[in-house]
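Here's a solo chain for you in structure tokens, the form predicted alone.
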């Protein structure tokens, strides 16, 4: 993978002018659909932008893989909870696509409190020649109708219509941090800090509480739920991660309330590394099942780990994302960066994993060759088909020409949200209000 990185080319990037960046424009989630033809982003302003992959044309064979804006809509608006005197942000926390059942596409989007189901349809024909309506759609005087005609469909410019199908509200007391669609395609779950609820996609007025870790006395609270996901193949299994660094695999066949986990995945702490920050940096910010369903990928502040479902005692692989920050934890605590929640992603064949870092860097680890690379998503390298150069962070001592010192890293530029195309080597990376899409031209067929 080390040699291949020079051929990793920028496929496209969607950039907004930095001088006009507002908090509302900052991207808060990125998600490919199940085929990879569509890519959705949500932002802090409650908007969802959907990009569609362009089909390959004979005149421009390199154009395939380029994503263009397909549809934009306002998913959530700011609200106010008068009972608790709390503002509810419109920020989109998560987007999940539903498996496609017909010509239409469907996705779930959620803010802190309310989950919405959206239907995305295309219309490129319009009916003409009604018997009872005129061209403007007004009803005709029936006495003027002397003959009957068959209405016909005429071509028109493509229209993409997005309509709200369901609103799932009032299911959570605390902030929703994750949603996951079940492999049965009928149910999904939503998790907040203390509870996980199971919903049916057709029923909005009730959900089943399947995990509740809220203690009788809130002073006894020691951990919170940070992320959760359904198993990709077994509809009865799901996992949730905690702020203490543990993973709990639950089986819904065992009991209606899954407070007793089937498996607990937890790595024993090395006493020599114990510090004031140990618990903060061990908090799991993201968990993802592999496509095969055999492994789980987790991200904490400094590492990504791969866990085997058959081995609870320790992860089978641990990769250091930015270990050079270990000496900087005090200042990262003071500027609140230590609480940043980085996501992680698998490639289509589960052989490479990706996660974000600071300075708009993102890291990739090849599980087979054990090679890793640091790449940068920046405006300087965002010209179409430009080649991404590997970056290196220098901790001290001799520096190469292109190395960047750990002291000059910009902690305000960070990549929290990443997504990988389900079948090809195309990745989407969100950096503040910019979305970068990169494609590995050489290895796009071989992963």
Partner chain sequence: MFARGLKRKCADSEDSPPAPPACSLQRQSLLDMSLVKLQLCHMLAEPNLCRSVLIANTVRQLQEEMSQDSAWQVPAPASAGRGPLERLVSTEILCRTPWEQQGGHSAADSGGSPAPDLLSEPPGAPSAQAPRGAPGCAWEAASPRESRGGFQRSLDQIFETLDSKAPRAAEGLFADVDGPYYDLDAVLTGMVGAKSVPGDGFETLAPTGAPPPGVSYKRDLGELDHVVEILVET
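Numbering follows the first chain given and starts at 1. Just so you know, these numbers come straight off a predicted model, no measurement behind them.
In what follows, reference is made to the form predicted in complex with the partner chain, a form of this protein that is not presented.
Proximity to the partner chain in the predicted bound form, defined as a heavy atom within 4.5 Å, singles out one entry of 222, 101, 144, 273, which is 222. For the residues 193, 229, 376, 267, the 4.5 Å heavy atom test against the partner chain in the predicted bound form is passed only by 193. Taking the partner from elsewhere, residue 74 is found to have every heavy atom lying beyond 4.5 Å of the partner chain in the predicted bound form. Put simply, residue 216 is close to the partner chain in the predicted bound form: some heavy atom of it is within 4.5 Å. Heavy atoms of residue 126 never reach within 4.5 Å of the partner chain in the predicted bound form, leaving it off the interface. The partner chain is not drawn, but in the predicted bound form it has no heavy atom within 4.5 Å of residue 380. Heavy atoms within 4.5 Å of the partner chain in the predicted bound form are found in one stretch of 311-319, 131-139, 239-247, 364-372, which is 239-247. Candidate site formed by 174, 280 and 335: every one of these residues places a non-hydrogen atom within 4.5 angstroms of the partner chain in the predicted bound form.
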